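Shown here is one chain on its own, the form predicted alone, set out as structure tokens.
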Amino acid sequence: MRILVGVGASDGSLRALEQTVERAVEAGDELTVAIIEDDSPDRSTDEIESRVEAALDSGTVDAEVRHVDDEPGSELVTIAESEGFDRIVLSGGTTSPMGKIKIGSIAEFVLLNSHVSVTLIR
């Protein structure tokens, strides 16, 4: 299976990457990592890239690493659909005080517009 995982600056995003790498090792999936570049105060793009490389090295996964920036949701959907990916994986959603899920704008765009299966990891 060809998997495209979008990774941003959040802790949830890095957890999603780690889980996806574990699954790729177990299932023999082909993995591509798309680093979502934004002006996040949480982590710099260089720090995210270092964390991605560490996760790939720990799982001994050979994966292509790309950067998406302008419209990350749209770019993820375009990459997945035009290059024949089977699934897009993203972190997504926090729980509101009322117990309802709140989804970020990138995850929402991908969920609403992708013809490729999408997995949100919380």
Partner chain sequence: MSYDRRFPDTVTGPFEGPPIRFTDKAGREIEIRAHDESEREYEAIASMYDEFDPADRAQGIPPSDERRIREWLENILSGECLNVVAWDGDRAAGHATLVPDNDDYELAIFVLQAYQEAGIGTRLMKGLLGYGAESGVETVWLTVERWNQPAVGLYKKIGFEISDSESFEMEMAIRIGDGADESG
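Numbering follows the first chain given and starts at 1. All figures in this text were calculated on a predicted structure; none of them were measured in a lab.
Just so you know, the form predicted together with its partner chain exists too; it's not on screen, but the next bit is about it.
Q: With the cut-off set at 4.5 Å between non-hydrogen atoms, does residue 22 touch its partner chain in the model of the complex?
A: Close contact is absent here: in the model of the complex, residue 22 is far from its partner chain, nothing within 4.5 Å, heavy atoms only.
Q: I'd like to know if residue 108 sits close to its partner chain in the model of the complex, meaning any non-hydrogen atom pair within 4.5 angstroms.
A: Flag for residue 108 set to yes.
Q: Residue-level contact is defined here as any heavy atom of the residue lying within 4.5 Å of its partner chain in the model of the complex; does residue 96 satisfy this criterion?
A: Close contact exists here: in the model of the complex, residue 96 approaches its partner chain to within 4.5 Å, heavy atoms only.
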